[in-house]
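Only one chain comes next, encoded as structure tokens, the form predicted on its own.
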């Protein structure tokens, strides 16, 4: 069943399953994602797609996607008609990319762009991003295989109704040559606070990952920064590899990164327990008392609390709370959580920083 997105306040307050749950290796691996890039036969790639044909394609895809039997309620959002706050919410929940839903200061939204997502946010399908379709599945913790099964099931249902651009020699054809073949990108989001404190060790890990064909990016993928010590690790090239091979490659390197992060955490705790206690306590105190807090600073302090929680140095909160707060302090969520502010123009940074600090004080003081 397809339905409109609920009012923004309720949407911002209710988080998806992959955000609120903790999965395998959840102290380091926050979430796993698999994305499949597909293009519809008979239409130019998005880079050559006129606005009129983009609208035509989106219009033809909407009944196909909303008619899929996904065993869950789904929501369809036309990006051009979405409010600036809703676009930010979708980005902050990793349901869409910056390219699909740019903010007003980045560039105008383009016609024919849309997204379908399930109510629990485990599956989303972007329409007319870099490719005509980008099927995405997300699950909590280190669970790439589970994400692949979800994405593949949705992809097969769509392909039963559409003809994708595909050749026996190259596989699925995509706008970017690095995606040709399976069109698959598997990624995991990692929280690496200990490696971030010991940058020489972090650089060794990232260099080893790049040598195996993996890319390390920031919190929101390509071109983004690693706010709060969160990093995304993903495959770079798909041509010549099967889906199983691509998933196996990332499944081999990620456990090594997890072990390395844990070993550095243990070493830091043994060598400088007092310093870590002070670091965590200072962050907790700042979050409890600040009257203004930029996003990056808040994420850095929350990262320290998350590290303290797993090392037994902080017990005033839970992982569920930290996962929720990490998402809800971002600028779209902070605005949407305010009564009568969710549909208005974007707040200026000073007002957001004030509201963010108040939100953090309220949530953490209630623990």
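Since this is a predicted model, take the numbers as computed values, not measurements. Residue numbers count along the first chain shown, from 1.
The protein also exists as the form predicted together with a further copy of the same chain; that form is not presented, and the subsequent description refers to it.
In short, of 166-174, 249-257, 281-289, 227-235 it is 281-289 that has heavy atoms within 4.5 Å of a further copy of the same chain in the predicted complex. a further copy of the same chain is not drawn, but in the predicted complex it has no heavy atom within 4.5 Å of residue 129. At a distance threshold of 4.5 angstroms between non-hydrogen atoms, residue 121 is out of contact with a further copy of the same chain in the predicted complex.
Using a 4.5 Å cutoff between non-hydrogen atoms, residue 82 does not count as a contact of a further copy of the same chain in the predicted complex.
a further copy of the same chain in the predicted complex comes within 4.5 Å of a heavy atom belonging to residue 277. Proximity to a further copy of the same chain in the predicted complex, taken as a non-hydrogen atom within 4.5 angstroms, holds for one residue of 293, 180, 140, 189, which is 293. If you take 149-186 and check each residue for a heavy atom within 4.5 Å of a further copy of the same chain in the predicted complex, you get nothing at all.
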